[in-house]
Every structure is written in C-alpha cells, then in structure tokens.
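Below sits a lone chain in structure tokens, taken as the form predicted on its own.
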C-alpha cells in the first residue's frame, strides 16, 4: 500500500483511512454530509496525490495525444486544460484524463490512480512518433481546493490574480512560498476552485499555508467519500463505475469530448455508433420510492424485465434525495421515463432525469 506525502497529516487529523487504488487514502474526517456541505458552501481541501501525471514532450507530442485521445488537443493554447477519454481498440475506454498544454511542445496528462500503469503502457505502445515520455506520478502531489470561497481563501498565497484564471485554464506561478506550482481552475465537484500541482517535498508546506490562509473562510480537509457524492450530484463519470474498458464514449454521454475531425484509435467504430445510435445509454435517475441504489443493482421495467444496471448511487446531501447513474436500454432512456431499481428482490420506482442533479 502506497502512502501520499500527506498520509501522516491525515492520520494526525483523525481521518478514517482506507485502501483505494493501491494507496492509503482518507475517506472521511468529520463525516460525509458535513464535508460535502463545506465544499458546496465554503472551501475544502482534498489530497488527491494518488492521481498519475505523465509528461509528453517533443515535436510529435501533439500527434501522439491526438491519436490516443478522443478530444481535439490541437485546440489547446499554452495554459489550456482539456477533459478527454482514451478509447481502446474494442470500443471501450482505457481511461478518462485531463490534458494540459504547458509549453509549445510539452503536455501534462493527468490520469486515474488505478490506471497509472495501464495508461502508461497503452500510450507507450502507441508511441511510434519518438515522443519523450516521463512518468512523474511518484514525484508530484495534487491538492484539489474546492468551493465558492476558494479564491478569497487562497489569494493571499500567490501573486497570480486567481480571479483572472477561467475554468479549464491554468497558470504556472508562485504559491504558498513555492515557485513553479501549477494552479489549475479545474475540479471534480462542480463547486469551483483550483487544483494545485507541486512536488512531494513541497506539499506539506502548501497544505499548512492553505489551512492557515483559509481558516477565516471555514476551510476543512475533505475525504474521498464526499468527493464521490459531490461528483455524482454533477453527473460526472467515475472510471471503474460509470465508464470502463467495455463502455463506449457515446454510450457514456461523452460525445462532447469525442471529436471526429481528426484520426484517433477506433474512430470508425465510435463514429458508426454516433451515426447509427447505441443500444444502451448512461442516464441519471432520482429514486421516487424509499431506498438507495448501489453499484451493480439491476434496473428493470414495470414488468420486471431487466433493462440495465446501476453504476453509481447515493443519497444526495445537497438535494436530500436518492440519486444515481446507470446504463439502460435506449428506449428507456428518455427524461421522465419510469424505471425500477431492484433492491434486495424488491423493486423501487425511479425516474430518468436531466443531468446535473445539482444545479447550484
């Protein structure tokens, strides 16, 4: 089990630690509901240093990224970030990721912790363009500082004007007494904020200064459990739950990051799906009856015929109702359609709703 550079701090704070993607990670501190509320109304800090970071450099770096990514990275200016997925050769998804253009010929790819080795091998396998690749996953730490009070809480720590960094843009600048920190206006919560990339030997200083500066704004440490409820309220996909090696970007509703104006792995099959339609779709649903849907619960129609499967489900702290994501047959995927979740051999009514669940 790997530790992040901050594991000792989480333990000192009394976090409940759990194994996650091969790392010893804080799942909660004071409780999911309170932590979730902190991020929606104030500011919270997640240690997500388990994520993977790859650097791709050279004149053909863009060419390699264009081949492995569903999105169009040629649109990226220096200082831009982009969400994308990496399609596999069978029509599924290797991983979803963020792509940062750091310099003219230098890109940073940020991948899911559970897929670091798989993703590295996949990109290396397709690197016939002599692109220099560096795996920095064991060298870099990542803090996600999220919530509506983030800018106020952090501005005193940097000479960079945080209000001037739009969503999905980033700046390399000074932060918390450290030079050359990536300050990225990205996140997985729908609450606004930044993601801060720095080296492992710098992150404890950054953590301490962030909490010092954010004290008057009600800043708190937040665990992975609240990260999950926050992302689910936004309808954001979680790799391993809602997308995987067998789900296509079109089925998963990721057509918006799948651009057919360029060549990429398995483009023809994915384009055929877009043009001809798919037999199943990922939808959001709210439970009408009492009960909570969980991963892998069957979804059935009014007659009890199986029509799909739940991929994520929870009781939404912001909405105080049970919500979930799941794949259903296309004919049962329209907004307002009634579906039923099988919970311990009992069928509970739900309805398909428009995403995101939480409108802010």
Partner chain sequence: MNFPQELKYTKDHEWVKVEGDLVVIGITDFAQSELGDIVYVDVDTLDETIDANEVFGSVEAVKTVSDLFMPITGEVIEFNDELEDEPEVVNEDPYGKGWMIKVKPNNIEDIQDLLDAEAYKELIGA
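Numbering follows the first chain given and starts at 1. Since we're looking at a predicted model, the values are computed, not measured.
Here the subject shifts to the form predicted in complex with its partner chain, a form of this protein not shown in this document.
K.L.:
Only one of 198 to 206, 117 to 125, 87 to 95, 286 to 294 gets a heavy atom within 4.5 Å of its partner chain in the predicted bound form; which is it?
P.N.:
So the stretch in question is 286 to 294.
K.L.:
Only one of 60, 66, 314, 333 comes within 4.5 Å of its partner chain in the predicted bound form by heavy atoms, so just point that one out.
P.N.:
When its partner chain is considered in the predicted bound form, the option within 4.5 Å is 314.
K.L.:
Taking the shortest heavy atom distance, is residue 184 within 4.5 Å of its partner chain in the predicted bound form?
P.N.:
Although its partner chain is absent here, residue 184 would stay clear of it in the predicted bound form, with no heavy atoms inside 4.5 Å.
K.L.:
Is there any non-hydrogen atom of residue 228 lying within 4.5 Å of its partner chain in the predicted bound form?
P.N.:
Contact with its partner chain, yes.
K.L.:
So in the predicted bound form, is its partner chain close enough to residue 31 to count as touching (4.5 Å, heavy atoms)?
P.N.:
Flag for residue 31 set to yes.
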